[in-house]
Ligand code: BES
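We begin with a single chain expressed as structure tokens, specifically the form predicted on its own.
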């Protein structure tokens, strides 16, 4: 569900603030003058000024008792501000209003984190609700509004990914994309067949919900100097197909379209952020299910453009749908750069854990831009290698490529998956973001809520609006 907390900006702290939050630095000095012995209170509570520290103090006010939250901002870095803001929002759950004296720093990461920490997704009876309104006193209005746009885009990506597969199928995902207000084109199964999109069709064969290819287009008001294509994996549920997943792994597979959700959310936010670049979004959507019509291990499929692939494992389906979309982008859209994003491999979770996403790239400049954008936006990336010595893992005796390694000589599952995708991306600058580890959270902590994280929205918006 969308973030229900509203964001308001005021010039000064209102006299009737129900709950007031005031920052203090690492030297324990408060951000504003208060009729309180702040230094003594902080010393009493043994505060250290670290980001995330909160000291709650009762204060007398007309008609009762109010509360002041003294909150630490550490070194004032964006990371520290995000930690502080998320802690405040969580502390204020169930309250009507939290008035925040903002730190003397860029308010955007602070406001963004405060709103993201208010995100919830529930079906049925509501739990403890987030604070109804965040009032930012003395903040830069434009920076707060940018932060709000970004936070609500992340929330949209989370909503799409968190929606159960009993509701969400490829056609439903196409309807959500159409609601963005952008020009949209959707290929149904007949059009996919006529167009030669064999990978998307093969993955969707086993489901009663047919696959879709979704295209969204954003064009800035001023003539754009470059054109970027974003490609998202849109597997609305991944059972593994005939190569069936264990039950424990299958429970989280409603979020296997998180990459597609990111693309929809990013495209929908570009106009509000006045992005100067033309962007086309492609979401390759299918449901991977076992049935009498499912693709089988050993099947050979023909992708868009004619490349053939032997399917050795039907649970390596994300690369099959992405391959069609990448080949189409290369052949028909003439972009300056292509970036795909997908919850692609469990192997990347082993390599990087759940806090850092992977980027593979054919172009050093593109890789550097994405890593720096991720650092600035708090969607951190680590560049992984495209090791040429591993390309024999994709050899097939009956087709141009195999979708997974047939033996166990190399074992680098995330790298070989990226090498597979590179075969369809053409010669133009291309990057692949593997977000299998960071696309889902197992904890309610900081800006994260259990479930989909929306990882990738912030970094791609940062890249597209500032690079």
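Residue numbers count along the first chain shown, from 1. Computed from a predicted structure; not experimentally measured.
From this point on, the text means the form predicted together with this ligand, which you will not see here.
Judged against this ligand in the model of the complex with a 4.5 angstroms heavy atom cut-off, the residues 52, 89 and 148 are out of contact without exception. Among 285, 267, 338, 344, the residue placing a heavy atom within 4.5 Å of this ligand in the model of the complex is 344. None of 313, 294, 302, 396 but one reaches within 4.5 angstroms of this ligand in the model of the complex through a heavy atom, and that residue is 313. For residue 34, no non-hydrogen atom is located within 4.5 Å of this ligand in the model of the complex, even though that partner is not displayed.
Although the partner is absent here, residue 278 sits far enough away that none of its heavy atoms falls within 4.5 Å of this ligand in the model of the complex. At the 4.5 Å threshold, heavy atoms of residue 253 reach this ligand in the model of the complex. Within 4.5 Å of any heavy atom of this ligand in the model of the complex lies no heavy atom of residue 112. Note that among 210 to 218, 230 to 238, 189 to 197, 138 to 146, the stretch whose heavy atoms approach this ligand to within 4.5 Å in the model of the complex is 230 to 238. Contact annotation for 414 to 447: a single residue, 436, has a non-hydrogen atom within 4.5 angstroms of this ligand in the model of the complex.
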